[in-house]
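In the form predicted on its own, a lone chain appears below as C-alpha cells.
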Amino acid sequence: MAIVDRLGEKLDGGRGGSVILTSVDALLDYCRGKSLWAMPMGTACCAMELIAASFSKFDFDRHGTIPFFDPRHTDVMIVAGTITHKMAPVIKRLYEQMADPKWVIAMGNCAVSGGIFYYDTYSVVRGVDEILPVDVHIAGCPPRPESLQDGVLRLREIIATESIAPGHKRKGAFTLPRDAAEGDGE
C-alpha cells in the first residue's frame, strides 16, 4: 500500500491536524524531481553504460526517470561520451528545444573534461559545460549505471531547492509525512 493511499489517516494523526501547509513552489519542485524525463545523448563508449542503466537490473523507473528521445518532452539531458566541435551545435540546438525548466547531466570523463582525447585531438570539446550549463558531473571512464543513478538522485536534491521564481533558492525540501516504520524502523 502506497503512502498516497494512507495519506488521509496519516494527516489526521499527525501534528497540526488534517492540514498540509506548504507552498505551491515546493509542491511543484517535488513533482518535477520525482518525474524526470531524460533525453539520452550517448556519443561514445559511455553510451553503453547509459543504455545498461535502463535495463531491469538497475530499474531507473523506480526513481521516476524515463528515457524519451524527443527534446520537446524531456526535462534532463544526459550527455554521455566525447563531444566534438562538429557535434556541439547539434547538441546545443537539442538543448534549446527542451522546455524550461531543464537540466543537464555530464556522464563520463569525456563529457566532463574532454577525457583522454582532448589533449591528442584538435576536434574534441573540453567538456559539455563549454556549450551547455551542466548541473551534475559524473566522473568515470566509463561510469557505472549506479553512478548515473546517484547523479539523478543528486539532481533531484538540486531541483528540490530551486524555486519557480527566477534567482530564488529555498533552504529546505518538501517532504510528505511518513510512517514510523518507514522512517525509524520502529
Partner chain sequence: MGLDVESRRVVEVEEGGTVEELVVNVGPSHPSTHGVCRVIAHLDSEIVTKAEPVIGHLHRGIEKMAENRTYLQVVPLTDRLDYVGSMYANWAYCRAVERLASIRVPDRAEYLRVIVCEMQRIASHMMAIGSAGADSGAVTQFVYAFDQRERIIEHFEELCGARLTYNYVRPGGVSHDLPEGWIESLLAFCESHRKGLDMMDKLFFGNVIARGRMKGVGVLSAEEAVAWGASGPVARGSGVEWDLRKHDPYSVYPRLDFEVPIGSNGDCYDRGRVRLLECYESCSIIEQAIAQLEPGAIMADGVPRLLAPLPGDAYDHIESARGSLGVYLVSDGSPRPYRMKVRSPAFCNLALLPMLAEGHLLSDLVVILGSLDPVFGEVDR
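Numbering follows the first chain given and starts at 1. Since this is a predicted model, take the numbers as computed values, not measurements.
The next section is about a form of this same protein that is not shown, the form predicted in complex with its partner chain.
- For the options 153, 51, 139, 66, the one in contact with its partner chain in the predicted complex, meaning a heavy atom within 4.5 Å, is 51.
- Stretch 52 to 60 is the answer when you ask which of 154 to 162, 29 to 37, 52 to 60, 129 to 137 has residues with heavy atoms within 4.5 Å of its partner chain in the predicted complex.
- Candidate site formed by 95, 98 and 149: none of these residues places a non-hydrogen atom within 4.5 angstroms of its partner chain in the predicted complex.
- At a distance threshold of 4.5 angstroms between non-hydrogen atoms, residue 74 is out of contact with its partner chain in the predicted complex.
- Its partner chain in the predicted complex comes within 4.5 Å of a heavy atom belonging to residue 87.
- Contact residues in stretch 101 to 131 (any heavy atom within 4.5 Å of its partner chain, taken in the predicted complex) are 116, 117, 119, 120, 121, 122, 123, 124.
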